[in-house]
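Encoded as C-alpha cells, the following chain is the form predicted alone, with no partner shown.
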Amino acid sequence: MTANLVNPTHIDAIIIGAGACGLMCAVQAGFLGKQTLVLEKNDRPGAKILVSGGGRCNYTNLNTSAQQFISGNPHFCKSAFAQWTVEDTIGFFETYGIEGQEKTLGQLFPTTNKAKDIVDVFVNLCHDLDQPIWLNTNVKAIERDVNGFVVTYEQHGKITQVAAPKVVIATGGLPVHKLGATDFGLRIARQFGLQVVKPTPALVPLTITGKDLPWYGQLSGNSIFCRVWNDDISFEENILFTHWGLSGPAILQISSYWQAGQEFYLDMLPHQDIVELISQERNINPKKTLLNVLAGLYTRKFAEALANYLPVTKNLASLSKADLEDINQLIHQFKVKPAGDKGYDKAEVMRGGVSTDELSSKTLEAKKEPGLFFGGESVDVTGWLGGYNFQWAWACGFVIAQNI
C-alpha cells in the first residue's frame, strides 16, 4: 500500500488525538528530538481541557497515588506515576508560566483560572519544536504494514494516508460527544486483538425515578455536605439535589463505584451525632420542634422536606425512643437506590477501556502489537474527580514519548 508521507523527513510516530495525553506526548517527544505528527478531528486542540473545571482546568492533584484510580490492575498506573510525578507536572507548567493554586482536597488550578493557558503551553511548544498538529483531520483506519503503520484520514473532504513506524492512540474515552468523543480508540484496540474492559460512564450524575423522584425534585438546587458511602469506598463532599436525581462532587465520586441495581448511603451530618444534638437541645428548650432543630442544620426547605420521613412537628420533649432511632437512621444512613446515570454526555470520564493486561505498564505499548501505544482515558485506568485523570494523561504522554 502506498502511503503519502507528510514530509520527506522521518516520522517517529503518529499521535491520534490532541488532548492531554497526545499533546504531552508530542511535546516530550520533541524535547527528545523525535518527530511526531498529531492528528485531531476537532477544529482546535485540547477541547476537553478547555471545558474542564468549568473552564478553569484542575490540571493535577497534589495527593495523586494509585489509590485514587479504578483499574482491573490497581498497580498498573504506578510505573507511569513513578516516571512522571505530580512535582514533574507542577515544574513543567511553572517553566512555561503557569503557577498553580490549591483550591480544595489537593486540587491544583492555574492562578489565572483559564484552561486556555494550559492548552496554549502545548500549542506554543509544538510550534517551537516543529511538532505539527493537523486539525479537522478525521482518522478513518489504521493498518499494519511492513514498516509500521499506515493511517488513513479524511481532511477537507479528501481521503489521504500517512505512514509511521509507531502509532499512539490518545483519543480519550466516550464522554462527551459534542466535544468529538467516539469509541475510535476501543475499536482500534479490538481490531488488533486487544481485550477491552466494558466501558461505562464514570464521575456522572445519578438519576432517580418512580415514587421517590418528586421528593428529590422539590429539593432541586439544594446542596448538602455529606459522607457518601457503599461497601467499597466513602467520600466527604457536597451533594446536589436536582430535578432528576443527584449530582455534586460526592455523587460524581461514588458513581465510579456504583453499578445499576446497587444502593449507597448518605450521612447528612457526618461530623456530628444528630441524637446527641437533639438531647442537648432538649435540655435547653424541650418545647422546640424537631423542624426548628433541623432548620438550624440545613436549609429550611430541606428541613421541611424531611417531613416526608420524620415527625418534624413534634417538640423535642415528646420524641420517643423509636422516633430518635428513625431520626438517627435517616440522617446518618439515608439509603439511595439510583435508577441509572445521565450517560456519557454528562460524565466527566469513562470507566473501563483497553485492558491493562494488554499493555506494558512501563511503556504503555501493546504487548501483542509492537509500535502501538495507548494512553490516557482509552486505558482501563480511571481516576477520581479532582485533577487525577489529568495527572494520568500527562504521565501517559511522557512515558509513551520515551518509547516511540
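So that there is no doubt, residue numbering starts at 1 and follows the sequence shown. Model, not experiment: these values are computed from the prediction.
Here the subject shifts to the form predicted together with a small molecule, a form of this protein not shown in this document.
Colleague: Looking at 184, 149, 264, 92 here, can you tell me which has any non-hydrogen atom within 4.5 angstroms of the small molecule in the predicted bound form?
Modeller: Comparing distances to the small molecule in the predicted bound form, the residue within 4.5 Å is 184.
Colleague: For the interface check, one of 303-311, 175-183, 280-288, 212-220 should have non-hydrogen atoms within 4.5 Å of the small molecule in the predicted bound form; which one?
Modeller: It is the stretch 175-183.
Colleague: Hey, in the predicted bound form, is residue 341 touching the small molecule, heavy atoms inside 4.5 Å?
Modeller: It does not: once the small molecule is placed as it appears in the predicted bound form, residue 341 has no heavy atom within 4.5 Å of it.
Colleague: Although the small molecule is absent from this view, report whether residue 51 comes within 4.5 Å of it in the predicted bound form, heavy atoms only.
Modeller: Yes - in the predicted bound form, heavy atoms of residue 51 and the small molecule come within 4.5 Å of each other.
Colleague: Should residue 21 be classed as touching the small molecule in the predicted bound form when contacts are defined as heavy atoms within 4.5 Å?
Modeller: Residue 21: yes, in contact with the small molecule in the predicted bound form.
Colleague: Taking the shortest heavy atom distance, is residue 255 within 4.5 Å of the small molecule in the predicted bound form?
Modeller: Taking the distances in the predicted bound form, the answer for residue 255 is no, it never comes within 4.5 Å of the small molecule.
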